[in-house]
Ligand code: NAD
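As a starting point, one isolated chain is supplied in structure tokens, in the form predicted on its own.
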């Protein structure tokens, strides 16, 4: 069996697994493109980013010194509409990571069938070490530098890791000031009083909840009795915990960047959320015992939600994953080799490009509302999101069954077909 083969592999082979995000994205694309017989010329077009910008961002710090930060904006595809993708501020951001995330955004938008292509941005920094004034200066400098290639009909940024509605407001203001008129549609994830959408903050987690519900139906799991482990307790992880607990699911373990907690009988989610707000971490929450963040991945449970960073489930630990469903709220938490192991063991992986597509879906709703200058209430947003996510899951599952493939390959085949068809019909200009 594959599982036995993986277990027997020497450590030297295991550690040789390629964890570069862009090469993983390319490998996932190539595998699906081969399976669906994509034309070689189209394959070359779709596997490369349309535009990739690398920036040096000088910023005057509070002490009067000048510090230069590295920044990136990558536009993978605009064949189905304007580019769309978040901006992350993190000390470990790399150009390859941003290129991978931009490609994943293209497939994500195609899967939920919204008229966007993929983009992504990032700045190499630790925002926790910057004052609010320095953070604003850095954001506005970055916004000014990318302003020629963004816009409501070109490329619409959004929040991502360590960025929020305030960051988006600064970007919108900078772009608007340099273009001579207010342009709320240039970004999404804004405060509601500046043209943001109700339901946007919860959208990623709510969308993940909708597809988990559909996956449970396919796998014969009763969600109201399911056990859930969540690695990552930021926006997506914490809200997913709240939504699943309301449904009756038992949240047995969660973790954040400082550590994890466990209670086989179930954590008290409202109490846990209050503790997180009060202390900034889930660590030492009442009625829990400590657990390592990596150990959470290997707990016996019905549903595992990796909601942290990339490359968390690899060849090294794939044979120890015991969940029946892995719902990827984070981007790229499972490597291609680990995917194969999980599939052979009968574990359903709901891939990131489907599981966390609720965020970009409601970003699309926000963009539409901004352009129309007509805004929807939260119930309307959530109803529309549910329809989109349930249909996307159904489409991906049907494609996976048709091609006798895992869910990730099914998702890629569906997305590639939609993007390739648009490219083929539009043609290659000139």
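Numbering follows the first chain given and starts at 1. Only a predicted model underlies this, so the values are computations on that prediction, with no experimental measurement involved.
Same protein, other form: the form predicted in complex with this ligand, not shown, and the subject of what follows.
- Distance criterion of 4.5 Å from any heavy atom to this ligand in the predicted bound form singles out 88 from the list 206, 73, 190, 88.
- For the options 195, 232, 122, 117, the one in contact with this ligand in the predicted bound form, meaning a heavy atom within 4.5 Å, is 232.
- Although the partner is absent here, residue 307 is a contact residue: one of its heavy atoms lies within 4.5 angstroms of this ligand in the predicted bound form.
- The closest heavy atom approach of residue 255 to this ligand in the predicted bound form falls within 4.5 Å.
- In the predicted bound form, this ligand sits beyond 4.5 Å of every heavy atom of residue 285.
- Using a 4.5 Å cutoff between non-hydrogen atoms, residue 329 counts as a contact of this ligand in the predicted bound form.
- Residues with any non-hydrogen atom within 4.5 angstroms of this ligand in the predicted bound form fall in just one of 172-180, 206-214, 140-148, 153-161: 153-161.
- Along 279-294, one residue reaches a heavy atom to within 4.5 Å of this ligand in the predicted bound form: 293.
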